[in-house]
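Below, in structure tokens: the form predicted alone, a single chain.
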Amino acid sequence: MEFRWNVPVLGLTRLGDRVEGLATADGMIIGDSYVLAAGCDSPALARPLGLFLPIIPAKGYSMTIPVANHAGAPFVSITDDEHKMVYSRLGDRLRAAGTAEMAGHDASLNPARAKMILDHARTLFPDGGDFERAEPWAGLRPVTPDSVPLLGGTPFANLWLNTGHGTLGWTMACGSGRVIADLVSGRQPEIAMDGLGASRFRHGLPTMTA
């Protein structure tokens, strides 16, 4: 197995009903099978192949707060339904996350949204950590219209989809990887694949043309 880090992907090339190769900044990579798992960039990579993937970026925010010598941070994951916030203890840190901003592919951090998350965390857990040293983060999450990922095959015999997991990328990572590994290897996945493909949408994956 070979990993290539920090190599920009330029596109996929096709030959008939198969993907022929992967064009990168380091040249062409040829493989037997290809898995498209590029998050919010998946639609742009699929479009030249004639595939429509209904995925848009939703910017999520979080604040990571050092617990330090404070005793008020929770030890279990907590969901604040009223404010649409979640809290998770990560060792000596408290992670507070919430909100979704529809700002296209702009991944810059909005200070007002970050402050709102910090203020809610401080109100709920006043002795939860050193709020003055909280670290803000913002990132793009690939969401579909029904919040269900795109998982499975395409009209191309050797191209598979594993994208569109929204806020549950880490949660579904192992299960999604197992499903794709089974499909690529010709095995029957252990879960039903109904409703996971792009064909569930009105446009779906179009019939491939030469």
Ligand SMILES: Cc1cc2nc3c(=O)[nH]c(=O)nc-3n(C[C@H](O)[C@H](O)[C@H](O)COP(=O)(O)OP(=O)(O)OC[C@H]3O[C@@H](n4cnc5c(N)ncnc54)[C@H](O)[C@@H]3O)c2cc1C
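Keep in mind it's a predicted model, so treat the numbers as computed, not measured. From 1 onward, residues are counted along the sequence shown.
Although not depicted, the form predicted together with this ligand is the subject of the following passage.
**Q.** Proximity of A37 to this ligand in the predicted bound form, heavy atoms at 4.5 Å
**A.** Yes.
Q.
Taking this ligand as it sits in the predicted bound form, is Y61 near enough to touch it, meaning that at least one heavy atom pair lies within 4.5 angstroms?
A. Taking the distances in the predicted bound form, the answer for Y61 is yes, it comes within 4.5 Å of this ligand.
Q. Even though this ligand is not shown here, does G153 get within 4.5 Å of it in the predicted bound form, heavy atoms only?
A. Contact check for G153: no, nothing within 4.5 Å of this ligand in the predicted bound form.
Q. For M193, is any heavy atom within 4.5 Å of this ligand in the predicted bound form, or not?
A. No.
Q | this ligand in the predicted bound form reached by all of L53, M102 and P136, non-hydrogen atom within 4.5 Å | A | Contact check failed for every one of L53, M102 and P136.
(Q) Give me the residue from A97, L118, I78, L109 that has a heavy atom within 4.5 Å of this ligand in the predicted bound form. (A) Selected residue: A97.
Q. Among 65-73, 27-35, 164-172, 180-188, which stretch sits within 4.5 Å of this ligand in the predicted bound form, heavy atoms only?
A. Selected stretch: 164-172.
Q. Taking this ligand in the predicted bound form, which residues of 110-124 have any heavy atom within 4.5 Å of it?
A. Counting only heavy atoms within 4.5 Å of this ligand in the predicted bound form, no residue of 110-124 makes contact.
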